[in-house]
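Here's a solo chain for you in structure tokens, the form predicted alone.
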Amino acid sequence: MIRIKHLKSIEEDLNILKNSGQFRQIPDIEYKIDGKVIINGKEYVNFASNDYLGISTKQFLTDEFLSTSPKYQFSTASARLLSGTTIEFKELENTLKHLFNKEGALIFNTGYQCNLGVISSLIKKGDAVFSDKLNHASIIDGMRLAEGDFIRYKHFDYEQLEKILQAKRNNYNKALIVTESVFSMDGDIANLDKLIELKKKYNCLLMVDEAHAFCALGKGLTGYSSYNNKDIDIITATFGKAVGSFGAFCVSTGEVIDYLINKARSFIFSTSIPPINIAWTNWLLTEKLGYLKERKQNLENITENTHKLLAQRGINTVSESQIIPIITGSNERTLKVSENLRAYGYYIPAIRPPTVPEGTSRLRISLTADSKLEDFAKVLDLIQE
């Protein structure tokens, strides 16, 4: 009886999702290449990709890497603290240390596991996290797992954050301010200078998630922290977006990295990434640095021209980046617009709660170095129709 009762509850929850337009299914994507996806034999322009530089679909890069590299293992079969590490991990971590000018680096399996592990291990009883309200789920879940308190301030409301710090900072031992640099659903950019000012004034650590800026935005390839990374204590980012690879990392002081190695459960208890993926990432960040910068310039050009087009059309957006939200409101309307665009050959899935707040369902357009301005203009025409 207990089992049947539980199954009934699951069925009811699924029906609620279906009736509210929030039910999700994994898309059957057959193939991706240069800004396109193939679904059920039909080609679509892909405006849903986080592969911002288009690296993952460049077969010539894969061929060159495999032809010029030694044979790598396809599995570590263990966590790194046991037998799941190889020289490739140390080489990539050294590359990251030098790239960000930090003392230490640690590779995690995913961006989710990285943020989860960093926050949950660093924040103990008597500590607190001060978090932007729109931070990613990985940050929220890291705060929930931490033993300390967490306080969320309104998105980009740094006056409110300061008032909170004035009232509460002295109640805690260690305090961590955490933000994304580029926010994944709105494409707007945090004021890191202001956050650095507040972290110094109130004796806090500052953590910045560069997931959507690493190798895509900012100076060089290190995202927006590149302008003042000496004042940012902890930087996290992923290889699974602009780098076109897999995995994530944290860079910080040697002391923080040693602490994470010993305390971050999402690192300690996970079988590590296959060495071939680690070597591929390091090869891109060393041997193909010039190509990455060239692709980044392409992305910057299409992003700039797209924002100019939006301004010409009189369309206001909070976005300052390659992520452009078109907020349509209800789940049903968003799904309908997404389906209509797909009929015209544009793949832009509907983004619905709980990914975004109720009433703000949207089309999240992701520009890549392979995007074309005429395609974006056509999408705008279709939406406005």
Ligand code: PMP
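For clarity, every value in this text was computed on a predicted model and none was experimentally measured. Counting begins at 1, following the sequence as shown.
The same protein also has a form predicted in complex with the ligand, omitted here; what follows describes it.
*Asks:* So which of Ser266, Thr238, Ser131, Thr303 gets a non-hydrogen atom within 4.5 Å of the ligand in the model of the complex?
*Replies:* When the ligand is considered in the model of the complex, the option within 4.5 Å is Thr238.
*Asks:* Name the single residue among Thr85, Asn298, Ser226, Thr110 that comes within 4.5 Å of the ligand in the model of the complex, judging by heavy atoms.
*Replies:* Of the candidates Thr85, Asn298, Ser226, Thr110, Thr110 is the one lying within 4.5 Å of the ligand in the model of the complex.
*Asks:* Heavy atoms within 4.5 Å of the ligand in the model of the complex: which stretch among 214 to 222, 89 to 97, 135 to 143, 276 to 284?
*Replies:* Result of the contact check: 135 to 143.
*Asks:* Quick one: is Ser184 in contact with the ligand in the model of the complex, heavy atoms, 4.5 Å cut-off?
*Replies:* Because a heavy atom of Ser184 falls inside 4.5 Å of the ligand in the model of the complex, the answer is yes.
*Asks:* Wondering, does Gly244 line up within 4.5 Å of the ligand in the model of the complex on heavy atoms?
*Replies:* Answer no; every heavy atom of Gly244 is more than 4.5 Å from the ligand in the model of the complex.
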